[in-house]
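We begin with a single chain expressed as structure tokens, specifically the form predicted alone.
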């Protein structure tokens, strides 16, 4: 085991050879690092950032998780792990207070503290180390970094997804047009200004809520635009949550690409929607604005509008969108794009791109164990977090599947069944049993002549 701890500085020895190289240290790869056995596996996880920080541009004071806290980095595959959220609470001497507080949803800021606590406990992490290239030399993957070279038998990608900026806004990114993931990192003063928020998911809702809630920095107008038919609540019902158990994920992966594509939009609100308490808080704030307290705030909430472009004008911006009644325009001083993240192949794979097997839509083909299909030796694999929505379903980008997916990956990396990743079936019979013509009952003739 390495004699230097997780730290931003330090230079890797020339061509350090590993069993596992992790690229990116977000929550998902942190989960994998925490579940890897301490003995018998040499591993390093690298990240360009100097320290761990989970979406700092969106760590609102009251922002909460969309998943129960038991769906942490490890618990659902190893409830006795030292890296559980409950152990974090115990070690930080707040477990009893946490239980008494009885939070309906845990604050994201507290989970950020939990992630940082794990980082301090693992000696396999190397921050301040950016991966500049990734190739395969016939015997190992070779990662060139700004602190030396690493060779590894297998690679685990956890680089996250790049912010998605609609084509009609890319040319105008700057001080007053930016992606929502940067919201709290921007030194903007919305006081008295017209602000437009594009995107009707959780991020758009949190930004809209922040803009309308601070009377000291209140805009003159906030317009919230979504292409969805309404500002839809997150589906937290038990049967929706069964989409995030191993049994369903294996069922989903076994379906044809066409069937998986049919299912995904039907299940979207179980992952990509707005928490009910946040929607209720927004509605009540708007009620107070309309009837109880004249705050000088004008607002518009526009649904079923497809954003097309933003154009400059003398005193700000004009947003153009397609709506039920044709083309509409909205003027704004600040445009915030809460438009999610892209699902493309990450740039770190550029030098291996021609070796990856892609489907007819140009997406990576992902095996059941979350390894990418490629033309290299089968005992050298590239595993990936957050690249298999199209093959594994909504569990892929969701915290609900974090520990289970890492357990699957670790089992495959080590060639051992260290974690029971097949423990749960489902209540719902998702696929049923197909009756073939050989199994069809023989109909008795009725003589009815029909």
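Numbering follows the first chain given and starts at 1. Model, not experiment: these values are computed from the prediction.
Keep in mind that the form predicted together with a small molecule is missing from the display, and what follows is about it.
Engineer: Please determine whether residue 70 contacts the small molecule in the predicted bound form, using a 4.5 Å cut-off between heavy atoms.
Structural biologist: Residue 70: no contact with the small molecule in the predicted bound form.
Engineer: Given that the partner is absent here, does residue 190 sit within 4.5 Å of the small molecule in the predicted bound form, heavy atoms only?
Structural biologist: Residue 190: no contact with the small molecule in the predicted bound form.
Engineer: Taking any heavy atom pair closer than or equal to 4.5 Å as contact, tell me whether residue 55 reaches the small molecule in the predicted bound form.
Structural biologist: Contact check for residue 55: yes, within 4.5 Å of the small molecule in the predicted bound form.
Engineer: Does residue 28 reach the small molecule in the predicted bound form if we count a contact as any heavy atom within 4.5 Å?
Structural biologist: Residue-level check for residue 28: yes, a contact with the small molecule.
Engineer: Using heavy atoms and a 4.5 Å cut-off, decide whether 24, 66 and 158 all contact the small molecule in the predicted bound form.
Structural biologist: So, yes: the whole triplet contacts the small molecule.
Engineer: If the cut-off is 4.5 angstroms on heavy atoms, which of these, 98, 299, 136, 341, is the one near the small molecule in the predicted bound form?
Structural biologist: Exactly one residue meets the criterion: 341.
Engineer: Pick from 77 to 85, 300 to 308, 159 to 167, 279 to 287: which stretch has a heavy atom within 4.5 Å of the small molecule in the predicted bound form?
Structural biologist: Contact-bearing stretch, as computed: 159 to 167.
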